[in-house]
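Heads up, the chain below is alone and in the form predicted on its own; it's given as structure tokens.
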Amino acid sequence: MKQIMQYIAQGVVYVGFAWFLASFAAGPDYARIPEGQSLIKFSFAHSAKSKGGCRKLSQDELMELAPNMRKPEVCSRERLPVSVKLSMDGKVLYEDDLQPTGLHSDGPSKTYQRIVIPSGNHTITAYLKDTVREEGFDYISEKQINFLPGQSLAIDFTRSGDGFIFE
């Protein structure tokens, strides 16, 4: 009789624990995008042009190097920062100067931005500068998009074509 009561108590504990876990599976409600809104995911990794030029080594400098390291020119590995801007209907949503990654600042500049916008018809413009130019941008892409509620748009970058890919 004692053993039967133990099995019943154990069953009650198991059912209670299962109910506790099931309550977390059913809630709380989570919405990736608020109702009536849309989402832009602006994400890319891009390596800008090299920051410095090359310089020729003198004969004395070459002789100080090991024979397998004797190259007549030494070039900087450091890259320029990448300037980006994202606007919607002429209003700036995101703007930044992305520094290169890596130990010697020789890696790609990276960003990931998640921007919630109102649904509807919008003009999205993406800008990128990866050179030493003082004014303007090297790549500009513009797209007219009718965002449906809950729709998500990914914007990526590639050097070919206009540069930006809207998917």
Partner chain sequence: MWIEGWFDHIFGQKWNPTYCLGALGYYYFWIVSISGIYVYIFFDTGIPAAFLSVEYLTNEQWWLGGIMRSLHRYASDAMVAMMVLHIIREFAFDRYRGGRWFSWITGIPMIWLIIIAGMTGYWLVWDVLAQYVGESTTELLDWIPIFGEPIARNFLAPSHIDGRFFTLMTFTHIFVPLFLLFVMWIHLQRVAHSRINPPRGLAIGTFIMLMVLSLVVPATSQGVADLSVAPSPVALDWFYLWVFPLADIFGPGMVWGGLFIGSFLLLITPWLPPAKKVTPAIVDLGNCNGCTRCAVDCPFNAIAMVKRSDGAAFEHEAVVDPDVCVACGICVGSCPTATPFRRAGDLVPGIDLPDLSLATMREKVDTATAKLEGPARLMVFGCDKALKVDKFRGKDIATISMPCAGMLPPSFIDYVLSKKMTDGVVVTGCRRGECHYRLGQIWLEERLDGNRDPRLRKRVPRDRILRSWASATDGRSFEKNITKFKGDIELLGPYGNENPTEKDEAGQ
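C-alpha atoms forming the largest set that superposes within 1.5 Å between two forms make up the rigid core. Positions refer to the first chain, counted from 1. The model shown is predicted, which means the values in this text are computed figures rather than measured ones.
Keep in mind that the form predicted together with the partner chain is not shown, yet the notes after this line are about it.
**Q** Tell me the stretch among 62-70, 49-57, 35-43, 124-132 that has any heavy atom within 4.5 angstroms of the partner chain in the predicted bound form.
**A** Contact-bearing stretch, as computed: 35-43.
**Q** Can you tell me whether G27 touches the partner chain? I mean in the predicted bound form, with a 4.5 angstroms heavy atom cut-off.
**A** It does: once the partner chain is placed as it appears in the predicted bound form, G27 has a heavy atom within 4.5 Å of it.
**Q** Would R114 count as a contact of the partner chain in the predicted bound form, using a 4.5 angstroms cut-off between non-hydrogen atoms?
**A** Yes, R114 lies within 4.5 Å of the partner chain in the predicted bound form.
**Q** Is I145 one of the residues lying within 4.5 Å of the partner chain in the predicted bound form, judged by heavy atom distances?
**A** Output for I145 is no: heavy atoms all beyond 4.5 Å of the partner chain.
**Q** Do A31 and the partner chain come within 4.5 Å of each other in the predicted bound form, heavy atoms counted?
**A** Yes.
**Q** Do any residues of 1-26 have a non-hydrogen atom within 4.5 angstroms of the partner chain in the predicted bound form? If so, which ones, in sequence order?
**A** Residues within 4.5 Å: Q6, A9, Q10, V13, Y14, F17, A18, F20, L21, A22, F24, A25, A26.
**Q** Verify the C-alpha shift of S23 between the shown form and the other one: is it 2 Å or more after superposing the core?
**A** Shift at S23: 2 Å or more after core fit.
**Q** For A9, does the CA position differ by 2 Å or more between the shown form and the other one when the superposition is done on the rigid core?
**A** For A9, whose C-alpha is compared between the shown form and the other one after core superposition, the shift is 2 Å or more.
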